[in-house]
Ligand code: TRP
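So this first bit is one chain, no partners, the form predicted on its own, shown in structure tokens.
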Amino acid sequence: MTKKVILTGDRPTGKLHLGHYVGSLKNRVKLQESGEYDVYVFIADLQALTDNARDPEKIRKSLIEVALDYLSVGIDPKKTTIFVQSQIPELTELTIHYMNLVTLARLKRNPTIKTEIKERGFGEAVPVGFLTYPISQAADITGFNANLVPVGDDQLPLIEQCKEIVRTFNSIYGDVLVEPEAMLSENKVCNRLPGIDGKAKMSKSLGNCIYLSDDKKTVASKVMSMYTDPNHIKVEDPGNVNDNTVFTYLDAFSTPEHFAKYLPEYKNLDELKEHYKRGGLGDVKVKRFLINVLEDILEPIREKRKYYENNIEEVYNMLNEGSKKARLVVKDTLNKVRDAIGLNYFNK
């Protein structure tokens, strides 16, 4: 029985954070260990250059940081193919072919693109590469015949655009490309973890992240600064758990085992929330509990990262071998695409 193919990746614009972990990295390890899928994970350096072309050193430095984060959370290159986007030139040719199937108006309507253009303050000076990166993303997905693409809910418009490209291509040239489906986390909180300041999304550019590589002291400091309920001034005051960042993080990370270990007076998070809502529970106690929960998760990641930081050549070799393996898959897809369009003039 042929395994389904999963493709997912990250832009190398800095170290990865808890939002990445709970939204995608944790699930990638789970999917990898299930043995049910062929998993491809890539570092999207070409996509990162679409809005960082004048600072390529940022991308080069971040590439190894992302690779370290991948390995430290448990993504295993023996089970998952980890590769670098720019090392697969066939992806660029696929992008060119797909560009002919998408209108400029359609790209501008993409909600994800519209939001990101606004966030970056491009105005009318949008780099062409940035505007068209959904097409490049479609090349990544289809190049590996991916059936499933794990994403956050903010990325769903990009998957929809990819599906449109697949349908258009197949309707013109024949049934060549595989139409992908989005794979969302079962825990809805995990799809879009807010920043420590309570803003809608944890983001490197907003500086509101807890990084996977942050040390214990830094994590504690960031948690203690977290946005909670501004009206919960005194311990005895009733508190609101909705839009309260600390409780959102507990929704995403805490388990009954954490309560048994660190806060045994409560059976679970529901009991903690009820106490907070009726009053008599201070923010500091809840934050200290969250610190313990996060440390249980982050300490093993830090330890594994230290090994790879001391063996950087091993990491580069892993990326090189993974990229060579991945390129063979995309070469095959591109050959089928060229055949379908009629560009392999000299093969017969």
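Because the structure is predicted, anything quoted here is derived from the model rather than measured. Start at 1 and count along the sequence shown; that's the residue number.
From this point on, the text means the form predicted in complex with the ligand, which you will not see here.
Remark: residue 158 counts among the residues lining the ligand in the model of the complex, judged by a heavy atom distance of 4.5 Å or less. Interface residue remark: residue 9 is counted as part of the site for the ligand in the model of the complex, having a heavy atom within 4.5 Å. Within this chain, residue 149 lines the site of the ligand in the model of the complex, having a heavy atom no more than 4.5 Å away.
Among heavy atoms of residue 244, none comes within 4.5 Å of the ligand in the model of the complex. Interface residue among 294, 67, 44, 41, judged by heavy atoms within 4.5 Å of the ligand in the model of the complex: 44. 141 is the sole member of 223, 209, 141, 165 with a non-hydrogen atom within 4.5 Å of the ligand in the model of the complex. The stretch from 150-158, 73-81, 224-232, 99-107 that comes within 4.5 Å of the ligand in the model of the complex, counting heavy atoms only, is 150-158.
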